[in-house]
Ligand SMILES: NC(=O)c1ccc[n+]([C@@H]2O[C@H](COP(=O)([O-])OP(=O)(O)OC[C@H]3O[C@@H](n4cnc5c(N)ncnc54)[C@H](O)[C@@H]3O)[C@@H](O)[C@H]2O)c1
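Take a look at this single chain, the form predicted on its own, given in structure tokens.
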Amino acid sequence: MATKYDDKLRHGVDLSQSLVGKAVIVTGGFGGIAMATNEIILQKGGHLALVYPPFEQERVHSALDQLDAQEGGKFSQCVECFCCDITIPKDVEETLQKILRRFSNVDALVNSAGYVHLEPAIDVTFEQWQKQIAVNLTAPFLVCTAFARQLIENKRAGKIVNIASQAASIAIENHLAYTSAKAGLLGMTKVMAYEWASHGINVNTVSPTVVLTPMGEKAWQGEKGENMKSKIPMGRFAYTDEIAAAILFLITNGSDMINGADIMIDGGYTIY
């Protein structure tokens, strides 16, 4: 017999995209995309575990002040910062345990940490290759697996969003090591999505074009930037809140049937 379905049933999508009562880990917590993501998570009522590398220690207070200023100081009670080198397995495990002691349960992970050094392929040193693979691929592997392990052990569903890049899907000069890492991140995400779906864990990527972060704005000034924009059908670079909006969608329940996908946020750059 054919299965009959009630087409009046609904999943129960929360169109307000509320994060009240939920905690989110954001790695690379003080970068441009991360800060925009932090703001939107807090605006939706979520709590934040911000993970930052040791060399960003001096930025912690100024970044928290920036977040606090958004809503008259009430955000400070919703945010906790954790210093961690996410390329080291032991540090990742220890930091996750600290986060869980602080928040009891964590519902989502956003891997926003990244590093790029641009140079011709022929000039990429082994040291640069290792560093870009470590930060952009190995670190997300370590954080994703540690996070998923605790979700599975506690029989909890969760959301993971990995920040990839348009460079993972199309060749861009001087991006050899970065492209290799981000392409690997797409593949890694698909396998994780496939294996963890039965546990209620969604794993997806977003792939931005050039984003107007402080680093992006500096790297793509002048003629170089104009040439890149001319290749983007929308004729401009992306803003950080546009990336944050996509991330918000992927960590709320409207995206429960999206798994192993890559959301390209590139103004059409990869269309042709």
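On a predicted model such as this, the values are computed, not experimentally measured, just so you know. All residue numbers are counted from 1 along the displayed sequence.
If you look for the form predicted in complex with this ligand, you will not find it shown, but the lines that follow are about it.
J.: Between Val203, Ile41, Ile33, Leu50, only one gets a heavy atom within 4.5 angstroms of this ligand in the model of the complex; which residue is that?
T.: Selected option: Ile33.
J.: Work out which of Val161, Met192, Ile86, Ala177 lies within 4.5 Å of this ligand in the model of the complex, going by heavy atoms.
T.: Filtering the options by heavy-atom distance leaves Ile86.
J.: Among 108-116, 122-130, 193-201, 152-160, which stretch sits within 4.5 Å of this ligand in the model of the complex, heavy atoms only?
T.: That would be stretch 108-116.
J.: State yes or no: in the model of the complex, is some non-hydrogen atom of Val60 no more than 4.5 angstroms from a non-hydrogen atom of this ligand?
T.: Residue-level check for Val60: no, no contact with this ligand.
J.: Using heavy atoms and a 4.5 Å limit, would one call Met215 a contact residue for this ligand in the model of the complex?
T.: Taking the distances in the model of the complex, the answer for Met215 is yes, it comes within 4.5 Å of this ligand.
J.: Look up in the model of the complex whether Glu56 has a non-hydrogen atom within 4.5 angstroms of this ligand, and give yes or no.
T.: Heavy-atom contact with this ligand at 4.5 Å: present for Glu56.
J.: Any chance Pro208 has a heavy atom within 4.5 Å of this ligand in the model of the complex?
T.: So Pro208 counts as contacting this ligand.
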